[in-house]
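In structure tokens, the next block holds one chain alone, the form predicted alone.
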């Protein structure tokens, strides 16, 4: 007995934990929304290239979103015209590059690349491949003067810092601190920065400084997702990783959201064999469903999320499961009400089936119709008892009477312009017939009060399960997170081992307790 109890407890807990883990992965990692109707902003990104052909071999290379940026929403489109297209990956940087080629292009040509993205925020983790890269000290390579200046400068920063984090803060501050026009940088920094050095040159210097101390660092390029604009500028920033923590340094104001496209100091687009290259970047925001975006998450985790869901099924099948998936919720509530509260019902799962029927009639109409049909059917059932009919013919007569009564109510209500008359046609006739039969048996074998008590108990449970199964949050959570079925199954296993007194029994025997 103890072994069975332990076995059931372990099984129930395993089911609950398994369902909860999958739920947490989908909600926390894949960002499936927890409430229906949540919206998010999706960005349309377009790279538009226009140029004049020289009537000689042409090659245009453009970086496109890196393959290890899994938060991109990959719906890529290429417009190549008559150009050939090759997609090339770079092992060192994990960049992706689109290469358009043509033998003898002439006149004006246009190439286009478009993608949709959710973008990233400061809290978005750096790509796993970069975070897991082994820290290595990369010495500074330059002429003797610059190398000497770099050694003096890095040694000074190291002396003034306490750890890698404070070293990085001091290094970035000294490279990018704002100075007046007539104010000079330190001698070492001035020697390392060429005259008129731009943001990329300073980021390269900061990257070399961090790498010389064994801190993984790299330059990232992309755009800030802020306004819908044409001819957007690309931005550059520094990514580095210290002691398990990710950092991004933006030379200008840090954006709320941005889109990483490539890594390294090279420009976004390079071209050979063409003239008047015009690079245009356009951005447009789209308000879209957050659950649809989460369901299209790329990568192995995205595949896992889609596998534990109904998104791959045909739409009609999805709509069927949208209703079916809520039935276990009603069943679990029924088990709780019977096991712990002590509700008595007609049949085991009949109240849940009645609750499903209420979906078509609404609660109040359903209760009224159910009570009326059961009362009329019960009257007929007692009359048939005098005729001593066998079980099956008797059930058939009751079922036919139920159909006739429903048809009569429908005709009368429709004539009176009442919508309730149409909804009654969807009431489950067989369930009503079996309810009447079961209630009459209890009436004869126990008492009228017991039959009425079980009838009201069934109606109360049906109403409670109907309210639960038609709750929009319950419908959404069960459909988006079907792994919650494992949790419900585990709860039913645990409740199945409860053999103590029910709440109604405690009330019934309260006199003994005194």
Partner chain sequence: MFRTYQALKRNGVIGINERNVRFVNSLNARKFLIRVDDKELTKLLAKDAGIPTPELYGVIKNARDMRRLAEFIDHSDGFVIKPAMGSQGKGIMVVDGPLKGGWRLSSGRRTDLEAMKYQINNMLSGMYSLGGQPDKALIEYRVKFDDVFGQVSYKGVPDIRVIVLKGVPVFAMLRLPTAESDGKANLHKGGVGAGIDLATGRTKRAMQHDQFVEIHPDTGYPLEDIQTPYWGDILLMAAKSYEMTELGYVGVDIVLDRDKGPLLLELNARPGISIQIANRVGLRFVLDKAEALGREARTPEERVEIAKTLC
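Numbering follows the first chain given and starts at 1. Computed from a predicted structure; not experimentally measured.
As for the form predicted in complex with the partner chain, it is not shown, yet the points below apply to it.
- Here is the short version: of 99, 389, 368, 319, the single residue with a heavy atom within 4.5 Å of the partner chain in the model of the complex is 389.
- Think of it this way: in the model of the complex, the partner chain has a heavy atom of just one of 213, 339, 332, 93 within 4.5 Å, and the residue is 339.
- Looking at residue 394, you'd find a heavy atom of it within 4.5 angstroms of the partner chain in the model of the complex.
- Heavy atoms of residue 446 reach within 4.5 Å of the partner chain in the model of the complex, making it an interface residue.
- Residue contact with the partner chain in the model of the complex: residue 508 places a heavy atom within 4.5 Å of it.
- In the model of the complex, at least one heavy atom of residue 381 sits within 4.5 Å of the partner chain.
- Listed stretches are 119-127, 348-356, 404-412, 381-389; the contact stretch with the partner chain in the model of the complex is 381-389, by a heavy atom cutoff of 4.5 Å.
- Residues of 480-509 that come within 4.5 Å of the partner chain in the model of the complex, judged by any heavy atom, are 496, 497, 498, 499, 500, 501, 502, 503, 505, 506, 508, 509 in sequence order.
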